[in-house]
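Here's a solo chain for you in structure tokens, the form predicted alone.
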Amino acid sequence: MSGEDYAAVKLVNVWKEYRRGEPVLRGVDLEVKVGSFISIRGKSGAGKSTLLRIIGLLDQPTSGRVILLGRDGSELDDEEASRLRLKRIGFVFQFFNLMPSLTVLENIELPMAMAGADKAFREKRAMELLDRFGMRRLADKLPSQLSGGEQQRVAVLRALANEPDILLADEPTASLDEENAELLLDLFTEINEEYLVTIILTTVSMEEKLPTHRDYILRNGRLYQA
């Protein structure tokens, strides 16, 4: 199926409530076509991270359906969900989450090691990614030797290691200055255009100019198209 008629992500009436509290998500519907680059904007505490965790099968909705790449999340057992996350979904977090004792090359290799790839393949793939995005010089450095912007760009390459279909980025520009935020957004654009990876990015900024195809606002537990 082509991206024209096939949703990478489809949410149907998704609700999320914690311990009888006020619902964080209230009937969210969303359809993201294959190869789309979208943003979800919202204030801190609006439920953006919860929504991404549900899309990434890290959390389950209280009710509603989550369909990823044609597969209904509610029909997957733990092993199937874990395999789908590892091989077809890449995650980028606000605070990088790089392993401090590993080099940049080893950090990028990590998801491939978890997927069972051999050492020679991992090194080749990681170095190819560094070369492609002009970061080969960082290969042997530790995260502590990098700037915040460099760490976040390395985290994006790590998320690409297993050639995912979907990339989920949770407020990836929040801890970066304007220049590094722009560099990161340029990187996401290149990835989206060259590899046709579907990207869902969240941000607290309601004004930030983003290179996305479509923008949404999460407010009071509901999702609106901006």
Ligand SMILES: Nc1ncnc2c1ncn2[C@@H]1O[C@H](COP(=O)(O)OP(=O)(O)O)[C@@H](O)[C@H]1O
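Since this is a predicted model, take the numbers as computed values, not measurements. Heads up: residue numbers just count along the shown sequence, starting at 1.
Omitted here: the form predicted in complex with this ligand. The next part is about that form.
Residue contact check: K48 to this ligand in the model of the complex, 4.5 Å heavy atom: Yes, contact at 4.5 Å.
Distance check, K43 to this ligand in the model of the complex, heavy atom within 4.5 Å: Looking in the model of the complex, residue contacts with this ligand include K43, since a heavy atom lies within 4.5 Å.
According to a 4.5 angstroms non-hydrogen atom cut-off, is R53 in contact with this ligand in the model of the complex? Yes, R53 lies within 4.5 Å of this ligand in the model of the complex.
Wondering, does V24 line up within 4.5 Å of this ligand in the model of the complex on heavy atoms? Yes, V24 is a contact residue.
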